[in-house]
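For reference, the chain that follows is the form predicted alone, supplied as structure tokens.
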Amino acid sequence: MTETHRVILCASGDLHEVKGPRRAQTLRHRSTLMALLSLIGTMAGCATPSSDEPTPEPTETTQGAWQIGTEIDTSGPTTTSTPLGLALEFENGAGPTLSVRAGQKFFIEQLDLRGAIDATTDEGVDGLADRGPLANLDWRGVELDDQEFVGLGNPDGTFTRRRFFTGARWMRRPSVMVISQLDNHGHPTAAPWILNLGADSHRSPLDTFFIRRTRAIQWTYDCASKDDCSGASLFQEEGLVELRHSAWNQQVRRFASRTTRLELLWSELPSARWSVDVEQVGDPGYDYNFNILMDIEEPTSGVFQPGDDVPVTLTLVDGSGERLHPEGSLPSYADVVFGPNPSGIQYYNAFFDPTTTFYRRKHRERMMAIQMIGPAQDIQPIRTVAPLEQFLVPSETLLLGTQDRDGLYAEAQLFPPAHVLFGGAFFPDSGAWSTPVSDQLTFHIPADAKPGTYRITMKARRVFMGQDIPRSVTKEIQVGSAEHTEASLPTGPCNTCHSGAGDLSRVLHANADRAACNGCHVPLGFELEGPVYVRTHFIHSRSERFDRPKDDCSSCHKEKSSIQRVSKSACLSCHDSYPASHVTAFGPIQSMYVGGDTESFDNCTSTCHQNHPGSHL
């Protein structure tokens, strides 16, 4: 093209080129344009949408202003004209029925696509290229990247291995998805959402989403041990696409009144049409959006003392401030997981939809938890492993950090309490999952607590009528002194990359206060990769979309001393190998996350690794 063009996709699919300067940048990459053209070639000819509503003119809210990283308010009241983030799920060609408020405006904020097959022989993920809903993808180049066993064994004494594959051509190249609204007759009812997936190898300002992850996973469910899967015969292979956090969150579409189905077309699978039924509800009973209200019963002096209790009452509300639960109680685990759960409050979901840091659906884990940590000036990673037994013994809270052992205090509680949550999983006949859950708890300041500012942070997630959003809230209290103290973190600034669609106030737990993470994020006996530094190393070392040199520690670390506490977990959460001399001295690598077992958090030595080549520190 010698002139700039803007490309408009008709609601039914025809492509028109219109001369003009606007939006040429959105289709500047030829590969993206060709993917879009290929996809459109599979769609029907252009026709007038069969809606009983007028076709909207191209306006700043429906077509013109695709602003990158526009701020999203997920806390306030909404109307049907409030643009909201829509979460979609497709599995093996379809998805569960999507209920939305009738006539609501949405942009696509999250999309999970999965195709899976079962196998009886160890074929890696080769079966995905031969059969199942993803067989027509280009699987050339796929290769094993990492593997890890599930921390706990299976009830029958066997073990589960997960093997993670990347590099297939379809994973690496740019592609486009189009989501269309259809009526009962399959006719389009509104303009479609057009999603530019970008590429694995780099992040582009044209990408629709901040997070774009594609991979294949082989599950082996009956390994004889963590060293031997040779006799296994229970396998599952799955291909995954995870898209999260829209940077084009003004590509807004209203649900037309005659819309009864959404259809997904993907340039990598041009002959497949994946669909989900839509139910539009006139009065859902609750508003969208989500807030956590935290009431702390403080002493008259405003300062707690060592040895004091800290009573906390929590209230979860929608965007209009309406309670999502009765006063005094939260829903039981059984109510949330098996229903009814009309308010959309979420609890830990990984018993039913397994999650894996970086590789599989960590955003769908949905753990609700609260922590207290301090004093602020001493906040640092906690490396003491919290054993599984601590999560099964009946107790109101979990003591995870102590002053003498870890250099700071940390206490947490899960919802439901840990012994109810995990007790019901290990002992399903106990009825633990039906136990009532209180909206009140009490933290216990230890007698040796140092004076300063302590943080209490609550995280939760709500999934309601097509919206899937996290929320975190932090309050500070003073212990032993009215003088405010601050955390001094040796890493950052994260907003060099995490801005706009990837801002920390939007991703993960929607928590931009990194000092309020280390109380919950400790190594767990059943999930050793808990600490923030382990997860941060692992994600950024594996992601090709992190565009800084992987050995340049100064990208995140601000001072040399912050890279000199040597342990397996620090080194092998980033590196995937170490020299033969280290294998002889410290054993082979057993975990892709931390290198070994619980010893991975021990401080190896104060004499080795005082410098990191290429670190610029």
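So that there is no doubt, residue numbering starts at 1 and follows the sequence shown. None of these values were measured; they are calculated from a predicted model.
Absent from the display: the form predicted in complex with a small molecule. The rest refers to it.
The closest non-hydrogen atom of A334 lies beyond 4.5 Å of the small molecule in the predicted bound form. Heavy atoms of F427 never reach within 4.5 Å of the small molecule in the predicted bound form, leaving it off the interface. In the predicted bound form, no heavy atom of R254 sits within 4.5 Å of the small molecule. Mapping the unseen interface onto this chain, P381 counts among the residues with a heavy atom inside 4.5 Å of the small molecule in the predicted bound form. The stretch in contact with the small molecule in the predicted bound form, judged by heavy atoms within 4.5 Å, is 537-545, chosen from 537-545, 261-269, 139-147, 338-346. Contact with the small molecule in the predicted bound form, defined as a heavy atom within 4.5 Å, holds for exactly one of Q390, T491, N291, T158, namely T491. The contact with the small molecule in the predicted bound form, taken as any heavy atom within 4.5 Å, belongs to V507 out of V178, A190, V507, V278. Within 4.5 Å of the small molecule in the predicted bound form, a heavy atom is found for all three of I370, T496 and H575.
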